[in-house]
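Let's start with one chain on its own, the form predicted alone, as structure tokens.
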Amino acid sequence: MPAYPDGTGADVVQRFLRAARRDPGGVAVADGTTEVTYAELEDRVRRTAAALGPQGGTVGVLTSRSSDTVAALLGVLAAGGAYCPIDPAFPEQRRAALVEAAGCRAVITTGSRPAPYGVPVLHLEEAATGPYAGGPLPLADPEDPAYVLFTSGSTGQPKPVVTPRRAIAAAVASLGALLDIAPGDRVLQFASLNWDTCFEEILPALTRGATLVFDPDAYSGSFPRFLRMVDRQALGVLDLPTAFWHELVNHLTEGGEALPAGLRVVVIGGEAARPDRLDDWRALPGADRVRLVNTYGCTETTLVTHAVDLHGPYAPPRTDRAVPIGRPLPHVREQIGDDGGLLIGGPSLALGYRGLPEATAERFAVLPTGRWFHTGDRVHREADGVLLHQGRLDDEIKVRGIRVSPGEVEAQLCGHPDVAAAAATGAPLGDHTAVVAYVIPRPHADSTTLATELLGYLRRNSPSHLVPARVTVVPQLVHTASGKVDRRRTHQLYASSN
């Protein structure tokens, strides 16, 4: 039996099956008005695995906020394969490019969505009525890929991160223990199903006998509806992007509202938490009984590597207003370089970027002390051991928790025939960071309409996180002494005119 970081042969699939055996009638997924028991979900997982067969490989899944995606995720893993989520809202060209870059051997879809990917398509409804894979499922090696996710790439192409089973097993075990997820907990599925944050919600819940909750009011954009939903669904655990949390705290503060009665822990992460919003949170009625946990992690280091309670029953007293990103979880090794850059080691490291050996070698370093990932984040260690985030060593931007390389935005803009050059960077917009871009038009372009035309072009051809909040047409970009575009100074030069 292969060994996992906790010394057992139990990866996340085996842990889910154990939870299903302990309480087969317990509710695994509350999906709108439908409740799926652990026994029913196990049946769907086994049938999906049987339909896929034992040959492994990467399987793309067209995601939806439903138990279908959960069954597909666990079914792919149960078959020994690697899961790759594909957002059906992405432009068709983008979806096809992700399927190819991930090396998918098949795509799982629901309904009759077109899937022009050049690989076999499995309809989940057909798998649900297919053969049942009874008995033990194949045990995959801990080094086998568990999933493939994409991060933004400076070359203009997304980078496929390949995460092994031992990494997700280690991260899920630590995170479940950190949040004390247990049967009886109801955990909201809020994060995009195309980013790894969703696994922070799905896998700790379903490996510990809790209930995962989908509800359309969570994604309505209305804070009153969101809060009523939290109450109605008796949710105990929320995992929210920091930018969303900022806006939620502002809403609660302005309305003088108390936190929902059943809430016991709120997890935030993705970007820096504002000290003033933390002060507002601490003043909310009911905040003292709710754990507010700040988290940090990278796709390449698998979910969460650092965490700290900022407020609530377990939070230590702090005398300053700086908001830390936390201490390493039990499975994580860390070191800080001479430049202040944070390096992460341990069992949660990804295997690398599929098909990109140079990019892998650049970010994953093999040192005498082991294998490490260069996060690109500059940090400082406080006297009590917690880390404070002090910015980036590169130009990467966090947009509502999603990593965005300016180079990828610039490549998308320069794909338009009327753009000669482009620069993109991050700028504050309310409680979050947004992408802003500056473009030089080609001689034949109409500068008066180009910005509007580019935004429409990107919305048709790029995922939403790569669409700038603002595009400005400029006569020239600022360059460094070495001739490279200086994104920060370009923004400083033109921002005051917007």
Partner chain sequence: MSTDGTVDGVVGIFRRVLESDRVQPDSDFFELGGDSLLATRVLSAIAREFGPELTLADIIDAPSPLALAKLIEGVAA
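Model, not experiment: these values are computed from the prediction. Positions refer to the first chain, counted from 1.
The discussion below concerns the form predicted in complex with the partner chain, not included here.
Here the chain stands alone, but in the predicted bound form its contact with the partner chain, taken as any heavy atom within 4.5 Å, falls in 247-255 among 247-255, 403-411, 170-178, 87-95.
Checked against the partner chain in the predicted bound form, the residues R289, H380, R371, R228 give one hit for a heavy atom within 4.5 Å, which is R228. Contact with the partner chain in the predicted bound form, defined as a heavy atom within 4.5 Å, holds for exactly one of G130, P224, G184, P275, namely P224. The partner chain in the predicted bound form comes within 4.5 Å of no heavy atom belonging to A210. In the predicted bound form, at least one heavy atom of D431 sits within 4.5 Å of a heavy atom of the partner chain.
Contact annotation: R460 falls outside 4.5 Å of the partner chain in the predicted bound form, judged by heavy atom distances. The closest non-hydrogen atom of V161 lies beyond 4.5 Å of the partner chain in the predicted bound form.
Shown without its partner, the chain has no residue in segment 167-181 with a non-hydrogen atom within 4.5 angstroms of the partner chain in the predicted bound form.
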